[in-house]
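Coming up is one lone chain in structure tokens, specifically the form predicted alone.
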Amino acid sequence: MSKIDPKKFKSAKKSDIPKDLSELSEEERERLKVLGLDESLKREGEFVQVDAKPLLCKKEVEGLEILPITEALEKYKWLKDYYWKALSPEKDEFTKAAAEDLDNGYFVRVLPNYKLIYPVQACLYIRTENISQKVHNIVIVEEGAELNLITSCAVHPHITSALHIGVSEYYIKKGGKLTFSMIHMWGEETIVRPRTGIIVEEGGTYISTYVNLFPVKSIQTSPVCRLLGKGARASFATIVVNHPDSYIDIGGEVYLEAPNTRTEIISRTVVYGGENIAKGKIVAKSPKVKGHLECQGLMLSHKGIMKAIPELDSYFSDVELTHEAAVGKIAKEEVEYLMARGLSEDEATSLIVKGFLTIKIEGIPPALQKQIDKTLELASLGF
């Protein structure tokens, strides 16, 4: 993959942005609806940013705070204690670009012991050709609180080139729980560079689900999660379809830094072409911890490349770390079995692919699982 220069893209601040969401075309609204930006769905709060401008920021309950990050940094002086603390602005050229020229982002905080019933929806949308959208998001789940956050990222249906840099920091305090789901729909020439840091304190839980089923030029990300408190846990699930000419390098690093912490990193990838790299790293930096890493890839084209790179590191003897990886193709017998029951070969293949990509994640609310399944159903029509 050739080196990406953020400076070759135009500033998102110079875009001609609509005054509100009603100015989006019907085609755009339908695209975002697939990702969960749907008025018929119950939400505790919503944030929508188009290019560099937040167009919607609202909440329905008192226990929730949601603001554009630039406003939050002005309103709360204490927020500087979280800003760039879970990762460094010097990490690479993309974090540097976001630190030097920020195009906003969201701040979400759930107050102590407040458990939100319905999800909070955030949407980062690129509407202008050849721009770089640079956002910085901070989420704080206070002690004993719970949050279900869905982030939908997308580009305009007719954009041919764009760069999205998404810096995100998540802080889960003692006994808190964050269920974080990303459902994305990029474009064939979109370059995506998420940079994420997660810190989980004692008894806290972080559950992450990443779904990208549609064409994209390039994605490269490897969230770093530190389980700092006793009994903290983290779960990562990635569901990806690799289309021709796509380069997707998705990993995840979890550091088990306290006793009785545990993690699992699971990925499912279907490769129709392009190059896919599935990475996972678990580091046991404390005794009495558990970690499992699992990567499965389904190759449907001889023109594609699939690489699975697991890494397990331990500094103690009384830990339990495991991994498994498998890359294969659809068994001919499975296709023939379904064809014998009336399906065409394409229908049989599509059904098998959908079943392979479906993952039931512990802790995912039923409504969110239904939304992920619906997105998968739509994508399967293009498989």
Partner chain sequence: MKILLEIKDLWVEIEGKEILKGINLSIPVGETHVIFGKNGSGKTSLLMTIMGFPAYRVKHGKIIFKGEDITDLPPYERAKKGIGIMFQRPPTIKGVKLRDILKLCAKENNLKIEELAQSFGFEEFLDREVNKGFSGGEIKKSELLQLLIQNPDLVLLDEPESGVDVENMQLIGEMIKKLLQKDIHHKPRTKSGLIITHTGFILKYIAADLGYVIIDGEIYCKGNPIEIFEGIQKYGYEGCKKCLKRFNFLSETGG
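The model shown is predicted, which means the values in this text are computed figures rather than measured ones. Numbering follows the first chain given and starts at 1.
One more form of this protein exists, namely the form predicted together with its partner chain; it is left out here, but the text below deals with it.
Exercise. Using a 4.5 Å heavy atom cut-off, which stretch among 56-64, 311-319, 33-41, 326-334 contacts its partner chain in the model of the complex?
Worked result: Going through the listed ranges, the match is 326-334.
For this session: Spell out, yes or no, whether the shortest heavy atom distance between E345 and its partner chain in the model of the complex is within 4.5 Å.
Result: Yes, E345 sits close enough to its partner chain in the model of the complex that at least one of its heavy atoms falls within 4.5 Å.
For this session: Determine whether any heavy atom of R268 comes within 4.5 Å of a heavy atom of its partner chain in the model of the complex, and answer yes or no.
Result: So R268 counts as contacting its partner chain.
Exercise. At the 4.5 Å heavy atom threshold, is Q296 in contact with its partner chain in the model of the complex?
Worked result: Yes, Q296 sits close enough to its partner chain in the model of the complex that at least one of its heavy atoms falls within 4.5 Å.
For this session: Enumerate the residues of 203-230 that have a non-hydrogen atom within 4.5 Å of its partner chain in the model of the complex, in sequence order, or give none.
Result: Going through 203-230 in order - heavy atoms within 4.5 Å of its partner chain in the model of the complex - there are no hits.
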